[in-house]
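Take a look at this single chain, the form predicted on its own, given in structure tokens.
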Amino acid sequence: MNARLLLVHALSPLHAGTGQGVGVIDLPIAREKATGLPYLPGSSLKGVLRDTCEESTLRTQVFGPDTNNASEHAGSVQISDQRLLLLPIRCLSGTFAWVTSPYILRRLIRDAQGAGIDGLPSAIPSPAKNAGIVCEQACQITTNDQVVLEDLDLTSVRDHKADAWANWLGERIFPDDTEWQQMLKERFCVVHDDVLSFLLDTATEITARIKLLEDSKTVKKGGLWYEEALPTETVLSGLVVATPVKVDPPKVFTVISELIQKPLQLGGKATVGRGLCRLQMIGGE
């Protein structure tokens, strides 16, 4: 399969919404039905990349014709949903922790294998429900042999498997910045899948928004609502697949690589600074 692995690092809160919600949160983020894991729809990312591509012929060849001519031919690139990889969680020590779980790491291995990427750590940490697995050295998120995430007190377990994953991820999320690679290693934590599910319900960013009446500057009727977003420093991952429809796969990946050289705005609420993201594409070495 002609594929690459894409990593999305949120530089500001990311609101990839589903429209109106039915619960307490009026504008929730998109979540997978079965797992509850947040994701950025691939269609949203593809649309942003398409708009960023300024050369009209190349844009049509790679991303497909405009809507009015969509039946002419398919695009040469397919972009999967970008799914949660690392979730920043407020921590008693070290400010915050980059948290993941065994299921997420297993899924990353599966995607990486699809993209032909070798060298991933083969051993996945297996924390108990009351524990958080952290790196053996340079860990900054432990206090008295505990990792306190939000209001969860977890036993701190140091494991070289966590070091291997933190090193691999850091080198690819921050390929040119050793300081950020070290920060990720200091704050990397693997928790049980059930613990992560709990944190996904309690640790996302909820913002109250209001709309004022212009004359009185009071809240307009129905003008109070709540928006959910993934916090700054969230990392997502997914696949970019090239199909030789109008251009060959190497050209497709070259175009995508050029388009992601600078941060892009993804998701909604751009006018209030949401969704500024860095993207890294790996594979094909």
Partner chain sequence: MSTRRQALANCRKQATTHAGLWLDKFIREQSREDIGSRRELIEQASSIPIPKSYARWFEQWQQSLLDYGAVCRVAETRGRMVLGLGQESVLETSVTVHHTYGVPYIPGSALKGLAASFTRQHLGDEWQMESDAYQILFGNTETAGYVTFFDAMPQPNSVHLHPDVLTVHHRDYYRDGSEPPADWDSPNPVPFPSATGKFLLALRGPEEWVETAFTTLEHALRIFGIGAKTSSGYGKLKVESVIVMDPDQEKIDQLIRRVEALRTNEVAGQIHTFYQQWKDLDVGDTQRRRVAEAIVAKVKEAKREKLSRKKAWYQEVLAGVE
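Numbering follows the first chain given and starts at 1. Keep in mind the model is a prediction, meaning the values are calculated, not measured.
Not pictured, yet referred to below: the form predicted in complex with its partner chain.
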{"query": "Selected contact from Q78, Q182, S93, Q113, since only one has a non-hydrogen atom within 4.5 angstroms of its partner chain in the predicted complex", "finding": "S93"}
{"query": "One residue of T243, T232, T254, T35 in contact with its partner chain, assessed in the predicted complex (non-hydrogen atom, 4.5 angstroms)", "finding": "T232"}
{"query": "Partner-facing stretch of 119 to 127, 164 to 172, 149 to 157, 100 to 108, counted where any non-hydrogen atom is within 4.5 angstroms of its partner chain in the predicted complex", "finding": "149 to 157"}
{"query": "Contact at D66, R83 and V247 by its partner chain in the predicted complex, all three, heavy atom at most 4.5 Å", "finding": "no"}
{"query": "In the predicted complex, G268 touching its partner chain (heavy atom, 4.5 Å)", "finding": "no"}
{"query": "C139: touches its partner chain in the predicted complex, heavy atom cutoff 4.5 angstroms", "finding": "no"}
{"query": "D145: touches its partner chain in the predicted complex, heavy atom cutoff 4.5 angstroms", "finding": "no"}
{"query": "Its partner chain contact at P13 in the predicted complex, heavy atom, 4.5 Å", "finding": "yes"}
{"query": "Its partner chain in the predicted complex - contacting residues of 249 to 281, heavy atom within 4.5 Å", "finding": "Q261, K262, P263, L264, Q265, A270, T271, V272, G273, L276, R278"}
